[in-house]
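Only one chain is included here, represented as structure tokens and corresponding to the form predicted alone.
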């Protein structure tokens, strides 16, 4: 993987050049007490871009999988994915890159018929990720054998140094961006040993801090192994009876949830086929013709949420459908915590033995 160095001044010059070419640019900015992806339309905003922060409050999936959109009209369809020239999303963290990998498995990768809307947006977007500069009390990527810095899935990755960035090239599209930087007049240079050591020190320090913060949630079994013996756990009923209010917040904020609902809405002489996000917590999600429902109770639906992310997806794709971002815990009124849930199940299993 090629690594180069670029100063802040040179990178801002590249961004200005891309704005002049009418590229769409989104980056994490501070909005009140929140870090959010915002569209950059003025070079004056460059100084406010947060590269060395933490994951944004909203997930990156909303750029590729819209909350609501018309996907066809009936009887005659003229709907197709909206095309844009080029789009850059900057400051994407490792947890959201993992989430995009989950979406790719479901909607895009070789061997399946790609979902056209997702495919168009994915191929037209350049993803510039960046290392986390700190962590939140809800972050637990290290429990899932991930790191607080990207290792794959990016076009370019930026590691913040004192006066600039180490730029890692991760794809052919990343090579295209490097070429664009050169054409804009930006100067890139080889990374020095001192700069490499600074990057390594920053990464090691945050990784150790995260591991220490999650030490109380360490359990001997992997989450998928624990799921295999937790189907009949009383924990699911306790969560359903005492904590979950079925608000769907956890699933809508989750960067890896990709389920949807299609419905038809009449407009003038046409019927529009509309796609919206759906959630497996909903009572009607698994209901089939005749009213039968394999998951009629809230506790069975809660259990399914965990099993899909930590067992079924592992069995099908050899990876967790959870990124450890902790957004679900942050929005949950009942404060249902993935880490606590598995820790409690592990304790229950120990007592039974």
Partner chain sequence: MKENPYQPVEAKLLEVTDETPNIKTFVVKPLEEISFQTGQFMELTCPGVGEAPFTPSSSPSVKDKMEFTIMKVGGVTQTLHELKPGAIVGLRGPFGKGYPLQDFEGKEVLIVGGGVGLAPLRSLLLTLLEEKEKYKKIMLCYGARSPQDIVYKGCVSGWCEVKSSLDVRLTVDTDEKNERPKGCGVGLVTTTCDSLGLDLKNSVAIVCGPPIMMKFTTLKLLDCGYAPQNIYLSMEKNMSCGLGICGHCMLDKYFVCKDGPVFTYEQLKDIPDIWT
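Every value quoted in this text rests on a predicted model; they were computed, and no experiment measured them. Numbering follows the first chain given and starts at 1.
The next section is about a form of this same protein that is not shown, the form predicted in complex with its partner chain.
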item	value
Heavy atom within 4.5 Å of its partner chain in the predicted complex - residue from 245, 194, 187, 74	74
Selected contact from 131, 115, 104, 168, since only one has a non-hydrogen atom within 4.5 angstroms of its partner chain in the predicted complex	115
All of 258, 294 and 312 within 4.5 Å of its partner chain in the predicted complex, heavy atom check	yes
Interface segment, criterion being heavy atoms within 4.5 Å of its partner chain in the predicted complex, picked from 38 to 46, 24 to 32, 295 to 303, 321 to 329	295 to 303
Residue 66, heavy atom within 4.5 angstroms of its partner chain in the predicted complex	no
Touches its partner chain in the predicted complex: residue 275 (any heavy atom, 4.5 Å)	yes
Partner proximity in the predicted complex: residue 224 to its partner chain, non-hydrogen atom cutoff 4.5 Å	no
Distance check, residue 266 to its partner chain in the predicted complex, heavy atom within 4.5 Å	yes
Residues within 4.5 Å of its partner chain in the predicted complex, restricted to 268 to 292 and counted by heavy atom	271, 273, 275, 278, 284, 285, 286, 287, 288, 289, 290
CA-CA separation of residue 156 and residue 110, closer or farther in the predicted complex than in the form shown [shift of 3 angstroms or more]	farther
In the predicted complex, whether the C-alpha atoms of residue 110 and residue 258 sit closer or farther than here (change of 3 Å or more)	closer
